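Below sits a lone chain in structure tokens, taken as the form predicted on its own.
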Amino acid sequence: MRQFLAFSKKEFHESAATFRLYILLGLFVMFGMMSPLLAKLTPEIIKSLGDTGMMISVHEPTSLDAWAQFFHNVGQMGMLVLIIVFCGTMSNELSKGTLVNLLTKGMKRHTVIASKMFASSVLWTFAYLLCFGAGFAYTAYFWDIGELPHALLAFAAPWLFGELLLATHVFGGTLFGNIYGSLLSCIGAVILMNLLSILPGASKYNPVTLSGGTLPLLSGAGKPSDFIPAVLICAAAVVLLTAGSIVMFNRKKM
């Protein structure tokens, strides 16, 4: 446990020193603020086009439009930021050989993987909570939020998909030992999941649905049973990828 805490502390210090922490938090707070602002201002921008003679009809924005923007921003730009910011989580250590001294001094290999996942997850969770908090505050300022059915599942789903991206980064970085392998593993997995979503009925089981497709839960058009299979598969994938990273790292020659 002492090794785990010490290595995790090192990860947090490194994130601050390389400005990865501040970039992540700053961008996700911005995404949270942008969501209700875009929902509020977009109709006004569209109405202004009417001055040019174009006939455009717009509806009055609601809190649901703000949440639609939230899922869009987090599910697309947010996940792209997550992929870029954490692409060197494991690969940098292996390519630079910075783990050799720690391992020769008795650091357990599984501790390295566990600490990497823990530190990354804490940073991602904090960033996502700030994003949600900013979005919620601005949405409540502009509109009456009202009842949000199945809100826990709807808002936890993008976070869980982010965990999958982190686990994929660690797995890819461990497998290939460089940042390009980590990036290709993560981007390749996302592309594959998007291709699979084309298949009829596949979205119910596809983790990529969780990244920004849970708005129907808040609107009442969707049911938890529509997303639970994807949640279970995504959670299982996180566990399997983390376990696979440990197995590979234990066999890897340093």
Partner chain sequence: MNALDLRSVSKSFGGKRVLDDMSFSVPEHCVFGFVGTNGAGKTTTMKMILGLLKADCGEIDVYGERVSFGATKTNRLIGYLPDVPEFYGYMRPKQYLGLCAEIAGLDEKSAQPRIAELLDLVGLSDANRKIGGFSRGMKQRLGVAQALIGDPKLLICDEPTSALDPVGRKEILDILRKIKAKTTVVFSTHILSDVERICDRVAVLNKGKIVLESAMGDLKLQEKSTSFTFEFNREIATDEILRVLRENNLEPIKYETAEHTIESLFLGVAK
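Predicted model, so just to flag it, every value in this text is computed and none were measured. Numbering follows the first chain given and starts at 1.
There is another form of this protein, the form predicted together with the partner chain, and it is not shown here; the text below is about that form.
Q: Spot the stretch among 178-186, 67-75, 154-162, 102-110 with residues whose non-hydrogen atoms come within 4.5 Å of the partner chain in the predicted bound form.
A: One stretch meets the cut-off, namely 102-110.
Q: When the contact criterion is heavy atoms within 4.5 Å, does V239 count as touching the partner chain in the predicted bound form?
A: It does not: once the partner chain is placed as it appears in the predicted bound form, V239 has no heavy atom within 4.5 Å of it.
Q: Although the partner chain is absent from this view, report whether G146 comes within 4.5 Å of it in the predicted bound form, heavy atoms only.
A: G146: no, not in contact with the partner chain in the predicted bound form.
Q: Can you list, in sequence order, the residues from 1-31 that come within 4.5 Å of the partner chain in the predicted bound form, counting heavy atoms only?
A: Contacts from 1-31: R2, Q3, A6, F7, K9, K10, H13, E14, A17, T18.
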